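Shown below, as structure tokens, is a lone chain in the form predicted on its own; questions about how it binds or moves come after it.
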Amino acid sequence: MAATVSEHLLDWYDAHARDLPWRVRPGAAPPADGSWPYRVWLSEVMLQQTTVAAVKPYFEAFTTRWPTVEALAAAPEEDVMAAWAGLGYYSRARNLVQCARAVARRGGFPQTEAELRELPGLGAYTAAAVAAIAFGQRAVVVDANVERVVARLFAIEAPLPGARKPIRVAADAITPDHRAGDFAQAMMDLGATICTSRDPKCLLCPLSQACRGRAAGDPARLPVKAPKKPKPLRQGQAYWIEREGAVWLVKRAGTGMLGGMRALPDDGWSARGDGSGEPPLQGVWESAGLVRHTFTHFALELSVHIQRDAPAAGGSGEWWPLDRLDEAGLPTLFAKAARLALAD
């Protein structure tokens, strides 16, 4: 089965590979300027828990501004964080800078999966993907798309997350020694375009004859997912402090929720509890409305309050010109709050 699966899948990939800005076409040589491992690594970090459509403009902006890993390593962290704003999961951006600097210090990316795992922020998936795609190493690359394809192909009935170990074992069994990078990308493409979460297109699938889930009659129910736990709802306040055409922005702590990002002052809300409701300044506050935002582990309702012509602002921060607010790199939550305040 293993040889048949890989052969059929690679034949399908040669004809149907997605055209993505961080890829080379099947059979084509990677860029000769040495940027290939950097582009593969950058795209894989960006794509974690994010859609291809969302990543494309960010990838193009990053590689235009920082075309090599050395250029990214030399960039101020706050510039990288600002450029990342809106892509979410901001710890990835902090790890991106740390990893780029580690790679620059050692003179380039290591080529093996084990050595890649030693770099800051590279987990099992990213290390395997870079080893396979950038360096042609045989590595078992399992993302959510691959997880779905393999669970259906082998009719793995165990619910997630417990199913991940047998899924990985099964993925290992069909991963070929040759064209490892193409095989990994073919599995991703198959899951993204054919073996989709809902309404899989089995009649178009190159693996349909070997698929045990299809033979059982209902491949769409696999992989079996554990019931979702309801997310707690937190309440918080954000404060728009304006003076002479500028707004007061603070920099959040380097670790934790939205770490290292510029933001509006708030009342200390977190994933663990509601905010205090205490404003950073005395005076009259005008309500601008409510922003709702969903994080991985909780939902947030953020009330936005405005004080214009403020005499001062407490704590450390900076007055940011309103006509350059789009350059501040506010994370999505605070960008929503800013739009609400500006519309008031």
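Keep in mind that what you see is a predicted model, and the values were worked out from it rather than measured. All residue numbers refer to positions in the sequence shown, first residue = 1.
Heads up, the form predicted together with the DNA isn't pictured, but that's what we're talking about next.
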item	value
The DNA: the contacting residue among P161, G268, G254, P76 in the predicted bound form [heavy atom, 4.5 Å]	P161
Proximity to the DNA in the predicted bound form, single hit among S287, T64, T296, S276 (heavy atom within 4.5 Å)	T296
Candidate spot E44, L47 and L87, all three touching the DNA in the predicted bound form (heavy atom, 4.5 Å)	yes
Segment assignment from 205-213, 101-109, 67-75, 117-125: heavy atom within 4.5 Å of the DNA in the predicted bound form	117-125
Interface membership of K225, the DNA in the predicted bound form, 4.5 Å heavy atom rule	yes
Contact test in the predicted bound form: A192 vs the DNA, heavy atoms, 4.5 Å	yes
Contact test in the predicted bound form: V52 vs the DNA, heavy atoms, 4.5 Å	yes
is_contact(R168, the DNA) in the predicted bound form, heavy atom dist at most 4.5 Å	no
The DNA in the predicted bound form - contacting residues of 135-165, heavy atom within 4.5 Å	D143, A144, N145, R148, P161
